[in-house]
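Starting off, we have a lone chain in the form predicted alone, written out as structure tokens.
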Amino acid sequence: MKSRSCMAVAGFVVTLAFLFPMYAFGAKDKVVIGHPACLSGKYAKAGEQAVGGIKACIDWVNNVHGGVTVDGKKVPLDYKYYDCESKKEGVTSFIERLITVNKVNVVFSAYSSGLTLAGAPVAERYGMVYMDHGGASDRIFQQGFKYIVQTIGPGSKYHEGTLDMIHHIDPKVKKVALAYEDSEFARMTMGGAEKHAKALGFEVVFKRTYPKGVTDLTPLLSDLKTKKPDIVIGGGHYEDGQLFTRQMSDLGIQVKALSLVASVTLPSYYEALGGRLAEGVMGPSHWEYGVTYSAAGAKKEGLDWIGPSQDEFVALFKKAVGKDMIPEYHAAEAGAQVLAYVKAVEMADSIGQDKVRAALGKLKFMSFYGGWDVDDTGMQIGHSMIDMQWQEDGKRVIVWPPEAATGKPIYPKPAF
């Protein structure tokens, strides 16, 4: 009878070890980050950047920071990732595998709001801290998940900084037009922009969405032109951003400012438009090479600093991807997520899921990526979007906020 009881207890422990891997029993010789990465499929470009950024910051943590301190011991970070092929079924199956087979201590989300949301219930079921570097939709944080924490800024805030900047430069300008893609992310951005514009005293004279994959925006832009807006903000993804700009030029729509999400920040946008049409166009971004966030700036703001400088991060990124390639914001936000996790583990002095999640909720710090602070739902509220603008001779200039700016904005925008 005693033997059967022992066997039952042993079976119970084995079951716990399966359902709640080594993070429930304390670290061994490493702390493992798990990641269903988008290395192929429609998000492959962003996925390559994210993996490179994560590897870069893990390199810094292990070789400069000396590892993550847990229970008085420096422990190296390890990184286990699979290619989810930018598919929801890949995300869900690999998250489960990472937790139950690879015994990871934290899961990083895949890129995009849809894939991030698809993986959240799996991480929640296992009580696993789930860090979101690529899902900007506010809706992710309206589902009541307890273990998700965001590094990327929420979609509703993408154009807030743009409006703040224009209001600061030209407080007399009033008429704004909103024209966004009919997608969850873009609608969320439009809703936030409309709310913020009205709070600043702007008059929204035009508000409309256009379908995904649109090939002609002439009808929408013709109607927009009749409203004579001073500024136009909108966009959605890469192809429609080019089309938007080109057809505004074709229709002779001259405005004081034009800002489009997603497309404008990519070098290929400038190249596709031959340079001239892109000049003066702005776009919000989570990070751009050249930002001036620094340890000195953190001290001035009364914040802790962790991680490499911008130039150190760029060098580590190039080493990680094996290419002479400048990282984009997808890499920076994923890398900054490594630093946030390390800060939380060291604050908690534990890799226990509930302790780390509680610490993430208390963190306020700065890195090369900018500020960090999350609200009670796990949504990021401490990271400010930056605004970049294409200027003469293809210069990418960060124009807002002032603490990250590398130059002054051209305003009003040059005529097409």
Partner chain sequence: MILELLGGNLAHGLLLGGVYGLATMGLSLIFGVINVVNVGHGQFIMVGAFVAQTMFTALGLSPLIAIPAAFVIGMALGFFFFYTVIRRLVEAPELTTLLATFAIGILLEEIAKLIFGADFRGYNWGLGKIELAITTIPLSKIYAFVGSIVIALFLYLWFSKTRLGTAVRAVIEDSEGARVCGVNVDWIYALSFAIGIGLTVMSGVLLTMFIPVGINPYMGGTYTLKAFVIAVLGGLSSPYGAFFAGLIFGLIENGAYVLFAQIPGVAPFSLTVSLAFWMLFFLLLLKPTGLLGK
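Residue numbers count along the first chain shown, from 1. Everything quoted here is computed from the prediction, not taken from an experiment.
One more form of this protein exists, namely the form predicted in complex with the partner chain; it is left out here, but the text below deals with it.
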Go through Pro211, Pro171, Gly201, Gly322 and name the one with a heavy atom inside 4.5 Å of the partner chain in the predicted complex. Pro211
Check each of Lys30, Lys362, Lys45, Lys355 and return the one that places a heavy atom within 4.5 angstroms of the partner chain in the predicted complex. Lys45
Among 309 to 317, 336 to 344, 156 to 164, 247 to 255, the region lying within 4.5 Å of the partner chain in the predicted complex by heavy atom distance: 247 to 255
Wondering, does His196 line up within 4.5 Å of the partner chain in the predicted complex on heavy atoms? no
Exercise: Asp71 in contact with the partner chain in the predicted complex, heavy atom 4.5 Å: no
Examine Ser294 and determine whether its closest non-hydrogen atom to the partner chain in the predicted complex is within 4.5 angstroms. no
Tell me, yes or no, whether Ser40 is in contact with the partner chain in the predicted complex, where a contact means a heavy atom of each within 4.5 Å. yes
Can we say Lys225, Gln242 and Ala272 each have a non-hydrogen atom within 4.5 Å of the partner chain in the predicted complex? yes
Enumerate the residues of 215 to 237 that have a non-hydrogen atom within 4.5 Å of the partner chain in the predicted complex, in sequence order, or give none. Thr215, Asp216, Leu217, Thr218, Pro219, Leu220, Ser222, Asp223, Lys225, Thr226
